[in-house]
Structures are given as structure tokens and as C-alpha cells.
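Two forms of a single protein chain come next, each set out by itself as C-alpha cells; they are called structure 1 and structure 2.
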Structure 1
Amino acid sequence: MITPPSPPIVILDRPQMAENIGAVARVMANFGLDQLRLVAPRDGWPQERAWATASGADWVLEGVRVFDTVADAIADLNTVFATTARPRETRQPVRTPREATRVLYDDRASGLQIGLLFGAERAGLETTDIALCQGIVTIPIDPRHQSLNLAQAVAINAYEWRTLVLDAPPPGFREGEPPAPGELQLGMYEHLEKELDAAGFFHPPEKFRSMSQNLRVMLGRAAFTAQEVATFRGVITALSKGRGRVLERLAKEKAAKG
């Protein structure tokens, strides 16, 4: 019997209520998911009320890891999908939970680290955090009442994973190297943004956030491998050094004329 791939890690961004965290742990346990990460929970962690609503899914809550930012929480993951019902300005692949589960299943079977990111109960996910992910998962609910609570959203995605695992075709074959983990991708984004900022690309300054998001989404769609990240960062460094040499030459020419 072939052992199925381990399930995706669930990441909750800024969860507000302990009861909701407990309810998420309960549905995760129902469908065989067991790794839960929290990003800046409003009331801190641990919270006793979470255990009361988890209905015995203690192993999920006892294994919780807490992070300060979404970037930190997904730094070691290769493929992360952001779950949101709202249209976003980022041009990323949008999938149903069933479609997303197939991609995650194949990636995990290929040895990649995978995750599902969920936003806070009221505000949802920030576009800047969605831009760090490799795609968007949208649940096809009736537009007349687009209201799901956090545990329901997790349950639907977890159910699709469980269904696929119980009756799964062989994982798709992945050619070539896997995408780089989030930590390497974020380092590449920040390196590029730093040099672009020094070159005056982000003008006017108030457009920095939107321009940065667009760059991250474009580069994220490329799914760079670790080697490609290293190569691209080498390109950035070479360009920045070249600019420095040009400025140095111009300064010397100006000094000589003066």
C-alpha cells in the first residue's frame, strides 16, 4: 500500500477568537490535517478557550507554531495558496478547492512543502501577503450570501484533500527542480526592490506598495528554483555594481573638468 502524501500546513493570519482557532483544529482533525500555524493571533497563544471548542483535537492545538508575519510562517514552504472570496488586483492563478488540492497533492508527492493560508475573520488577507503565495483558492459559494466562517472555509479545503487522498490517482510527474522555498523567494524580492529603490524606480514614493506587489506577483508566477533565485540575484548584483561604476566614472569626469 502506497503511503499518501502528508497534508498541507494550515496557516491562519491574525485569527481573532480562540473559539475559531479551536473550531479550525477540530475540522482539521476530522479530515486528517494536523499542522497548524498562527500569525500574530490577536489574543496571543495558547488560549484555553481553543481547547474547549476543539472537541478533543488536542494534538493539533498542542503542535501549533506561532509567527509574527505571514512571510515568516511560509518561509520554509514551496507552494502556498491563499484562500479568499474577494476579487484581488493580483494576477495569480485562481482555483477551486478541488483544483488546488490536486496541485498541492502532486507537489507534496514530489517532495515539496505545501500550505493553505487563511485570513482574519473580519478583514481577510492583505494583498501584500497574497502576493507571496503561488495562487488563490476561491470557494464557489452562492453570490447572494458570500459568508463563510473561518472553520467552514478550512473544512471545505480539508474535505477536498481527504477525498483526493482516499481515492487518488498516481501523483503527476514533476520535471526539473522544485520551486524555491518562500524564504529564498522573499530574499530575492527584497534584494530587487532595494536596488530598484536606489535607482529611483519607485516614483512617486506612494506607489511603492502597489508596484512592489505587482513585481512579486510577476516573479512568483515564474516559480523560480533555488538555483534560478541565486542566478537572478547575481544578475541584480551585477547590474547594481555596473551602475556604481558608471556613477564613479561620471564623477571622475566631472572632477577633471572642474
Structure 2
Amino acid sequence: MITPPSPPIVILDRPQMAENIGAVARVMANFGLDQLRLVAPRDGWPQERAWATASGADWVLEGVRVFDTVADAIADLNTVFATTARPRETRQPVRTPREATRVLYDDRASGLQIGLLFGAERAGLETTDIALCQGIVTIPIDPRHQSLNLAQAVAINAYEWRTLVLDAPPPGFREGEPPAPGELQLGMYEHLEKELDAAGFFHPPEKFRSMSQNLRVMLGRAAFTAQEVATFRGVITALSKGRGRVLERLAKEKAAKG
């Protein structure tokens, strides 16, 4: 098992609402990120309301580091991407969250320190701060509705990180029970066909072949496990014998009454 590179540090520039800081911490924890830095939070730090919305991701909030400027907050980082709408003109590389995550991942694996910078709720990032970064990440927002919530922006990037990390080690084993071996499946088909035949289902008789074929194909797609084959055979038996049993019981009841 390879240890995946540690996740990017999240930097929030001048966040306004403590509730949003808590929501960011929550979603970082959801996707395995844990280092959060705040640049000049409007209402100071710590703020109780952040804990209320963090939904238990307290360790992220307790580890928060506060800085005066973006420059200070990213001083020890090698690769920082600024998350922002695609600028009208820029000389910096603009990447999707997926592309950016890949670059960050490789940089971190090479021993570099990595981070993701997010702007304030309404104001966004200053171009001077964007210029301090090594590139831009633009979330593919529909231009008809661009107002993306801060925690959502963090969520998308954090999700991409975790997805990449989980993809990294190729999982080599099948989960859950395998489909039943062919022998058991065939036994189930034959059981079904025998009972259907007894019930007069296959008419005219020359259609037996194509009808039974269709049944096998449609049931086969479900890839029953051995246990499920047994369950389905129970269904066949119940349906075909049960009716008789019910008739018997009714007859007995009638006899008892009469």
C-alpha cells in the first residue's frame, strides 16, 4: 500500500461569514483535507459560529492558522492555485479542478508544498494575489448562474483530490459475492421452465425454445449470486405449489364447516 501524498492546504482570503468557514472545514474533512489558513477574517478568529456549521470537523477549525496577507499565508508553499472565474486576460495557466488536482498531486508527491487559494464570498480575489499563485483553477460554472457558494467551491476541489487519491492504488479485488456458477443458474432456469410448462405457459409448444431463451437472457442479466438463486427457486416453488396449498386449505375449511 502506497501512502498517498498529503492533501493541499486550503487558504481563504478575507472570509466574511464564520458560518462559511465552518462549512469549508466540514467539507474539507469530508474529503480528507485538514489544513486551513485564513487571511484577515472579517470578524476575527476564533468565531463560535464556525463550530456550529462544521458539523464535527473540529480538528480542522482547531488547526486553523491566521495570516495578515495572502503573501504571508502562502510564503512556505511551492505550488498554489487561485480558484477564480476565468480572467478576461491572463498569462497564467488556467486549469479545470481535475487538471489542477493532477498537477498538485504530482508536485506534492515530489516533495513540494501545495495549496488552494479561495477569495472572499463576494469580492473574490485581488489580481495582485492571483499573481502570486502558480496558476488558476476555474470551476466550470454555467455562465447563466455564476454565484457559487464558497464551501461548494472548496468541495469541488477537495472532491477531485480525494477521487484522485483513491484512484491511485489500483483496487484488485472484486467486492461482494460473485455470480452463481453456471451450473446453479442452469438448474434454476430448468426449474422455472418445468413449472411453467406444467402450468401451460409455453403455447404453442413450438415456441418453448424462444420463450425460454428470452427468460434466461432477461434473468441472466441480474447475475444472481448462489444465495439469490436459492431465493428465486423458493419463489418458483412457492408460486407453483402455494396455489395448490391454498386451494387445499380452502377445501378443508369448507369440509370443516359443512
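Every residue number counts along structure 1's sequence, beginning with 1. Everything quoted here is computed from the prediction, not taken from an experiment. We call the rigid core whatever largest set of C-alpha positions still superposes within 1.5 Å between the two forms.
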Quiz item: Where's the form predicted on its own, in 1 or in 2?
Solution: 1
Quiz item: With both forms fit on the core, has Trp51 moved 2 Å or more by CA between structures 1 and 2?
Solution: no
Quiz item: Would you say Gly119 moves between structures 1 and 2, meaning its CA shifts by 2 Å or more once the core is fitted?
Solution: no
Exercise. With both forms fitted on the core, give yes or no for whether the Cα of Leu184 moves by 2 angstroms or more between structures 1 and 2.
Key: yes
Quiz item: Once the two forms are fitted on their rigid core, how many angstrom does the CA of Ser210 move between structures 1 and 2?
Solution: 77.1
